[in-house]
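Below, in structure tokens: the form predicted on its own, a single chain.
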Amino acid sequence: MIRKKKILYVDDEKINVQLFQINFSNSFEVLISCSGMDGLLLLDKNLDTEVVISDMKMPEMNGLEFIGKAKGKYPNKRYYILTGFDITGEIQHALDNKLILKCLKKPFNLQEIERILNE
């Protein structure tokens, strides 16, 4: 049996994580989390996760703070931020410094995310 690529999607909005899981679980093993802290725990338990996508605006820890912590522990994973807003200076800085590979727009484009996940 071919192993599905494992991805983690973090978003504080339950409907978004459910939609992501519904749309991508046929092709990928999708882990979902509703907070950065939870996302870090999931990564610790799922070391074979290859791709991490996080919403930007979340309470307690925003997406870039979460990715910064995750990348500090797991630098070889691919990280992406997802936002419903324009690219901020903070996001541009993360792109320039290779903290994230790309900033994705909400509502998410299924074809774009599928292409990124398959790279």
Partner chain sequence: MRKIKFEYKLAFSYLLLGGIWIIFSDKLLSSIIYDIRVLTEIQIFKGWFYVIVTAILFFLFIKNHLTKLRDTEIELEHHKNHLEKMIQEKTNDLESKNEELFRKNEIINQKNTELKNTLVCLQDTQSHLFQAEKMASLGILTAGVAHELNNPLNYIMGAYVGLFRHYENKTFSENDEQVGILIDSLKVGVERSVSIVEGLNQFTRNSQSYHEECNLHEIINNSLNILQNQLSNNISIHKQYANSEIIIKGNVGNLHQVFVNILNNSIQAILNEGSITISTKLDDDYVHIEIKDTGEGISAENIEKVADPFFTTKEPGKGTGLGLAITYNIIKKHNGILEFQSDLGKGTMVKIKFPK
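Quick caveat: nothing in here was measured; it's all calculated off a predicted structure. Residue numbers count along the first chain shown, from 1.
Same protein, other form: the form predicted in complex with the partner chain, not shown, and the subject of what follows.
- Of the candidate stretches 43-51, 29-37, 83-91, 69-77, only 83-91 has residues with heavy atoms within 4.5 Å of the partner chain in the model of the complex.
- Not displayed here, the partner chain is approached by residue 13 to within 4.5 Å at the level of heavy atoms in the model of the complex.
- In the model of the complex, no heavy atom of residue 99 sits within 4.5 Å of the partner chain.
- Contact annotation: residue 112 falls outside 4.5 Å of the partner chain in the model of the complex, judged by heavy atom distances.
- Residue contact with the partner chain in the model of the complex: residue 95 places no heavy atom within 4.5 Å of it.
- Taking the partner chain as positioned in the model of the complex, the residues of 4-25 that bring a heavy atom within 4.5 Å of it are, in sequence order, 13, 15, 16, 18, 19, 22, 23.
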